[in-house]
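Next up is one chain by itself, shown in structure tokens, the form predicted on its own.
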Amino acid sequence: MSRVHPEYDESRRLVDGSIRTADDGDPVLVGTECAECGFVVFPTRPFCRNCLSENVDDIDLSRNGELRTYTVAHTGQEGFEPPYAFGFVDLPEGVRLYSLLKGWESGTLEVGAPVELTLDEIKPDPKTGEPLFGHVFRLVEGDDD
């Protein structure tokens, strides 16, 4: 299953600079790692948010994480058709991301569930109606032990 929406267009990303597609076509989130204290953050920053050092490097973050917490919204925010799910995902680098969740309708959402990164439609552009894209996590299928 592709990890990138078939209509994905880089010009219609919600956040520029910290999401890209790798040579294998899969999405990559780019974070910043501090060379002084090792703190990792997403999205990229010109300095360390922890120790304020400017000795930082951009790094590719893991595509897989663990669902830390979630909720399912049954009322709509503009641009989102309810019900939809969102939550926090922990990556192995120590980064916690707020994200929409996909694929939960056919699976079971639970804290600790493995999830994987995708690039997907977030919502329509309120001015043009064209889809806007960004990072989304979906449940990893077939991880029942």
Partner chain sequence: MTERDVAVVGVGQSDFGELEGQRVTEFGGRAVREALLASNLDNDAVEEAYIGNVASAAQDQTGVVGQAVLREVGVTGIPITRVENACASSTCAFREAYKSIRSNERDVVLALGVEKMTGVPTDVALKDMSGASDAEVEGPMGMTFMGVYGMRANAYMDRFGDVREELADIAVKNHANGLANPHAHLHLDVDRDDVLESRMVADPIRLLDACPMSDGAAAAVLARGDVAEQLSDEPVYVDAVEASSGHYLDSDLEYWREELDERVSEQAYREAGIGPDDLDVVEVHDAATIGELMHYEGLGLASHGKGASLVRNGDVMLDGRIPVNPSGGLKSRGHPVGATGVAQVCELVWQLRGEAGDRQVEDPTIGLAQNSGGALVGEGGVSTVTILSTR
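Numbering follows the first chain given and starts at 1. Just so it is clear, the model here is predicted, and its values are computed rather than measured.
Omitted here: the form predicted together with its partner chain. The next part is about that form.
Participant: Taking Arg20, Phe47 and Asn55 together, does each of them reach its partner chain in the predicted complex with some heavy atom inside 4.5 Å?
Facilitator: No: none of Arg20, Phe47 and Asn55 comes within 4.5 Å of its partner chain in the predicted complex.
Participant: Would you please decide whether Glu81 lies within 4.5 angstroms of its partner chain in the predicted complex, comparing each non-hydrogen atom pair?
Facilitator: Output for Glu81 is no: heavy atoms all beyond 4.5 Å of its partner chain.
Participant: Report yes if any heavy atom of Glu105 sits within 4.5 Å of a heavy atom of its partner chain in the predicted complex; otherwise report no.
Facilitator: Looking in the predicted complex, residue contacts with its partner chain do not include Glu105, since no heavy atom lies within 4.5 Å.
Participant: So, in the predicted complex, is Val111 in contact with its partner chain at a 4.5 angstroms heavy atom limit?
Facilitator: Judged by the heavy-atom cut-off of 4.5 Å, Val111 is in contact with its partner chain in the predicted complex.
Participant: Is Asp90 one of the residues lying within 4.5 Å of its partner chain in the predicted complex, judged by heavy atom distances?
Facilitator: Because a heavy atom of Asp90 falls inside 4.5 Å of its partner chain in the predicted complex, the answer is yes.
Participant: So which residues in 54-84, when you check its partner chain in the predicted complex, have a heavy atom no farther than 4.5 Å from it?
Facilitator: Read in sequence order, the residues that approach its partner chain (within 4.5 Å, in the predicted complex) are Arg68, Thr69, Tyr70, Thr71, Val72, Ala73, His74, Thr75, Gly76, Gln77, Glu78, Phe80, Tyr84.
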